[in-house]
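Shown below, as structure tokens, is a lone chain in the form predicted alone; questions about how it binds or moves come after it.
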Amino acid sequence: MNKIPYKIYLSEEEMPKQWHNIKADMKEVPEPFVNPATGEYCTPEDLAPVFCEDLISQEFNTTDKYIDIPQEIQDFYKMFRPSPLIRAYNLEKALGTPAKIYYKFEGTNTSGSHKLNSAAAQVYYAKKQGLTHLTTETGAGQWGTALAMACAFYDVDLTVYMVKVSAEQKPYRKGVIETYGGKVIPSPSDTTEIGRKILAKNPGTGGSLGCAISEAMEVAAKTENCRYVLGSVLNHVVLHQSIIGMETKIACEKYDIKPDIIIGCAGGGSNLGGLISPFMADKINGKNDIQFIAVEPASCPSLTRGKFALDFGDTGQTTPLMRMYTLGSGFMPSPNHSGGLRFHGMSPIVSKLYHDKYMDAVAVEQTSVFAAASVFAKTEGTLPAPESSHAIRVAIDEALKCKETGEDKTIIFGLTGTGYFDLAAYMSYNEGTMTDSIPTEEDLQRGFDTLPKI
């Protein structure tokens, strides 16, 4: 066996040439989208006015286990991939744990996150189709930044509806998006019919991803030669993010690393789904018994406290219905939540895997998340994004359990990005002004009341 270095880098030649389609391995695939107007399952034609043609094809694909990555996208990826799998030796030492801890680091590009994996693919397919404009939403700003980078590369115009509270907390994200040529509009806004309705109903709202999605979709539908693209949740986004898990698996096989636990933060579910994808396929096929843990914020707990139901993906209730764990499209997360994990629902793929008991889920409070982030920053030398720090929190907890039991488990978690645009949140934690917000049963019920009656 090769000696395991601090950082495991694959060569360009070892970078995957295909994405992994987990749906082809699942015993039961997620339920197809439902057209809310007819109650029937959506056809590709139903989605064509909103989404790019090739992405629709990937969304519906349940049979091809591997899908080729076009050479143009591979060339784009080579600017920042393969990304390293890093052994957290210093964190292990600080915790005094016999556990071996690794993290797959996706923060080596300017967007600071894994989002560029799907942004590059989605803009490539839009350009291939001849589109000239795209709209999207963004929460903490990583997706908007990544998409702006890809749109600049492929010369496609971009409008980004950014969750208002995030736009206020992270103005420098707006600056980066605009540097790459994207237009940023805090959401909800008065630039769309849906935005005006939301503001009339909730005048002081800080917004949500559901609000931003509604506005971006409305503009896409009304703009010539334009489509909407989404940074998480949908099946094709999980597909693109599978390159994270594919690289991780290659690195593990190269150095005979056998993970016992794989952990990822979960908002919409794309980075988690991508990280676990090839490992989960092996578990489904009886080749491993890895414990997979989705970590979500206690302030927006779709898996741990949501309902497995058909629901809209947006607050304006304009999307197709998806079978997922959801808090209801009308749920508004607390504005004091400092991460980007603000979506009311979870990826249909992740939801189905969780529902079928292939994985576990944990909800954590943000003060404990930032405590873990601080430990990680001090020991490993990287300031982690608040989203990623949810995974760090549980990785530390699992490592401390190993310290108590003496087990030398191997833990891998996804470090989806860096926290350099999240310094206001770090300052709040350091000053002791950060608070935790956990929705009451009444708060959740208000969201559940917005579930469609179908």
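Just so it is clear, the model here is predicted, and its values are computed rather than measured. Don't overthink the numbering: it's just position in the shown sequence, from 1.
The protein also exists as the form predicted in complex with a further copy of the same chain; that form is not presented, and the subsequent description refers to it.
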Though only this chain appears here, would residue 441 touch a further copy of the same chain in the model of the complex if you measure heavy atom gaps against 4.5 Å?
no
Can any non-hydrogen atom of residue 171 be found within 4.5 angstroms of a further copy of the same chain in the model of the complex?
yes
Would you classify residue 304 as touching a further copy of the same chain in the model of the complex, given a 4.5 Å non-hydrogen atom cut-off?
no
Flag residue 361 as yes or no: does it have a non-hydrogen atom within 4.5 angstroms of any non-hydrogen atom of a further copy of the same chain in the model of the complex?
no
Out of the stretches listed (94-102, 192-200, 347-355, 73-81), which one is close to a further copy of the same chain in the model of the complex, meaning heavy atoms within 4.5 Å?
73-81
Contact assignment for a further copy of the same chain in the model of the complex, among 129, 90, 132, 285, heavy atom within 4.5 Å
90
Have a look at 309, 176, 252, 219 for me and say which one sits with a heavy atom within 4.5 Å of a further copy of the same chain in the model of the complex.
176
Heavy atom within 4.5 Å of a further copy of the same chain in the model of the complex - qualifying residues of 149-169
149, 152, 153, 169
